[in-house]
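Encoded as C-alpha cells, the following chain is the form predicted alone, with no partner shown.
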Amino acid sequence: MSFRQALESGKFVVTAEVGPPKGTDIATMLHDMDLLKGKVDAVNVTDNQSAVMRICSLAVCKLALEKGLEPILQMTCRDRNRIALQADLLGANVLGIKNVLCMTGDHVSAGDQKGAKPVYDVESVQLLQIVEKLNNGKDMSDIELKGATDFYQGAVVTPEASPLEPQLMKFAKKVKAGAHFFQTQAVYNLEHFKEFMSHARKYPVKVMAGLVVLKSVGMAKFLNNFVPGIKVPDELINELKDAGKEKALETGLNITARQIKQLKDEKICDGVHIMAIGMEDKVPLILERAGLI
C-alpha cells in the first residue's frame, strides 16, 4: 500500500525522518535508507531543518524513490517565494513524489546562515491552499495548469503548546485549507496528548504522533529550555538519570518503543512519526522493541 492508502485504511502507520547531510557525501544517508526499507510506510525528508543549509529535500526524495522508499517532501516557506514553491511542487510531482508536508519553517536566526534573508512570502496555511489549487489544476493566481498535481498533503501541529487554544484554531484552519494528515511536534506526555486527540478526532483527518528519541538527560533539558512546545516530563528525565550516562541512550530507545506500543495498543492516534535525529539507524531497533517488526 502507498502511504496514503495505509493511513486511510486504518493501519497504524509508521514514518521516520531522513536528514539530508550538509555536503555531498551521502553514503551514511543511503545506508540509513536501506535499513528503513520495508520497515516504515514512508520517510520524511527534511527541508533545511532548523534553518541549517543542507542538500535540498527534492533531490533526496528522488533518491528515496530510487531506493524503493516512499518519500514525504517537507516544504517550508522560509526560503522560497510563491513562484519557487509552486515550481518545486510541480517538479516534485513529475518526479513521482506524491506526499508533501507543508510547514512555515524555523527562522534563519536559528540556523547557520545568519545573513540569509527569510522569505515567508506565504505561510503554512497558504501553502496548503496552494497545493489544493495545484491538485485542482490551477496555480495560486487561478491560472489553468497544463496538467494538475496529485499530492497527499499534510501539516504539523504542536499538541503540548501552552496555551493550546491557538494551536487548535490553526489546526482547524489547516484542515479547511486541505490538510489530510498531521504529524505532530514531539510529544512525551501521552495523557496530555490524549486530551489533544479528543479535539482532533472532531475532524476527518489522520494524526501521527511525533516522537523525538531522547539520548541523554542533557538533551531532555535542552528541549525543555529551548524548544517551544516541547515538554519532557520529570519522570522521563529521572528515568534517564537513573540509567546513568552509559545506558541513557538505551533507555531513550526503550522510552520511544514503549510510547509507540501504548499509542498503538490504546488506539490513541493513527500512527507515529519517529525523529531519531542523527540516529536513524536505531529506528528498526525501536520498532522491534515496540513489537511492530
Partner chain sequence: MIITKQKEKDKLQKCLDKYNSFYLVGCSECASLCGTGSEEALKKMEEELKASGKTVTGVFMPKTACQTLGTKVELKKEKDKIESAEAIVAMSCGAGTQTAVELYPNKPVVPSNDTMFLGNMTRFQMFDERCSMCGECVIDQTGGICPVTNCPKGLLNGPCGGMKDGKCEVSAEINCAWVRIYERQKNIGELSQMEEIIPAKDWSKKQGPHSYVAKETKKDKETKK
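Given the structure is predicted, the values throughout are model-derived calculations rather than measurements. Positions refer to the first chain, counted from 1.
Another form exists, predicted together with the partner chain; not displayed. Remarks below refer to it.
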item	value
Residue among E132, D88, D139, D106 with a heavy atom within 4.5 Å of the partner chain in the model of the complex	D106
In the model of the complex, the one of M219, V125, A116, L95 near the partner chain [non-hydrogen atom within 4.5 angstroms]	V125
E165, M169 and P228 each touching the partner chain in the model of the complex (heavy atom, 4.5 Å)	yes
Contact label in the model of the complex: K173 to the partner chain, heavy atom within 4.5 Å	yes
Contact of L145 with the partner chain in the model of the complex (heavy atom, 4.5 Å)	no
Any non-hydrogen atom of T158 within 4.5 angstroms of the partner chain in the model of the complex	yes
Y120 within 4.5 Å of the partner chain in the model of the complex, heavy atoms	yes
Residue stretch of 211-219, 145-153, 189-197, 176-184 approaching the partner chain in the model of the complex, non-hydrogen atom distance within 4.5 Å	176-184
Contacts with the partner chain in the model of the complex - residues in 1-23 whose heavy atoms fall within 4.5 Å	none
